[in-house]
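Quick heads-up: it's one chain on its own, the form predicted alone, in structure tokens.
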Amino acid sequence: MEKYFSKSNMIAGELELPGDKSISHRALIFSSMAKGTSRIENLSDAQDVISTMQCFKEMGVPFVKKGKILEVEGSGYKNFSKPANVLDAGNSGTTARLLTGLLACQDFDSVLAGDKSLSKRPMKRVADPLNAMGLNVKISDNSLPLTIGKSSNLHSVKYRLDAPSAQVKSAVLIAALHCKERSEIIDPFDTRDHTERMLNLVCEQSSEGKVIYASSLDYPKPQDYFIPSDISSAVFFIVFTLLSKDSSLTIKSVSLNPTRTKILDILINMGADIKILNETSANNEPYGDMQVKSSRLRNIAINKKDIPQIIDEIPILAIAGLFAEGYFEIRNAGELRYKESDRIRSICTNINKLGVSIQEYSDGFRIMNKSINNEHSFESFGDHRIAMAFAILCCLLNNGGKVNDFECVNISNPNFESQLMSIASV
């Protein structure tokens, strides 16, 4: 589906966005694991999150929607039903990797698959540490499908992440919840910490990085969850407002998890007028309202150590960099090539269509000459973040523009277009 976006003259109003996708996945997983009734408020309506829910339905977990609340009747420790079908993670890497850690500890065999895009993404990185714990995850060609066998050899592990992946870390932690002996997972990269926060796991700092401890004593119990709005969804509207003239926007109840807010730090250092109001927390997850106003941005050097914490926001950050003073450069971001699309190639291909000089590297890109021509038709490459980033760009161009295969935004934010139209004046 090709979608046209006209130029917007001003942004104004207030947005309430669906719940954070990463937190929503985990709330579903932990509620399904807990024995008894949990309630989840403001669950994300993203297709990725629906994929996680559907997998648990296949394993006998009932869900009941009551307004903004989802009730989950959790199965309890190793009490899921054997799925009759192959479990389908759709396009969701979080579903695939976190569920692998859970499925490998069950008393049944299972097969986990995904769509064409997800089946190209690396899975050996999660299979290897789980197999090192005595589990039975069979993989070929470093990709889905995975054949997951039951195992009686599970043991605790001391595991150090060798790449910045909160999904791998979470898969190992979930497996560790099924072992009486305490496991130690070392995270030298300061990756997203939703799993350890929501499970209230003991964490310590060491010379190697953060050490997270987990055992069966930490197995989830029923509780109520409130899911703050997704900062990775909010940042599209934040950048749109910053780059629009005479604009102001308030976004309500946005996640302020410190492993997710580095993008705000970078934008503020670029000159963004962003204020945080009404800070509070739920389930150890901080959140608050954001007030954003038009700003004149200047590009800055982005530190290598910050890349893992902004990896999902780089497509829209590139749009901010395109309009900011000076050249914009991203390096040390090779992980972008293994997302829903090769995001380095996707960004470079689309920006090249503008007549802008952009240099592609193996681990990033550099935007230099910013003379923009009248070619305003972009490809989504089936990647929701690319689609939304270039939709924002279209709204900033004098003649607007088009994004092809725009329906892929359903993966993370199916209401993106209506949200956009609710704050934009044309």
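Position 1 is the first residue in the sequence shown; the rest follow in order. Source: prediction; values computed, not measured.
Below, we turn to the form predicted together with a small molecule, even though it does not appear here.
Within 4.5 Å of any heavy atom of the small molecule in the predicted bound form lies no heavy atom of residue 330. Although the partner is absent from this view, residue 118 stays clear of the small molecule in the predicted bound form, with no non-hydrogen atom inside 4.5 angstroms. Contact between residue 339 and the small molecule in the predicted bound form is found at the 4.5 Å heavy atom cutoff.
For the chain shown alone, residue 312 is a contact residue for the small molecule in the predicted bound form, at least one non-hydrogen atom being within 4.5 angstroms. Between the options 295, 167, 215, 283, the residue in contact with the small molecule in the predicted bound form by a heavy atom within 4.5 angstroms is 167. Here the marked residues 106, 151 and 178 all miss the small molecule in the predicted bound form; none has a heavy atom within 4.5 angstroms. The stretch in contact with the small molecule in the predicted bound form, judged by heavy atoms within 4.5 Å, is 159 to 167, chosen from 159 to 167, 283 to 291, 236 to 244, 70 to 78.
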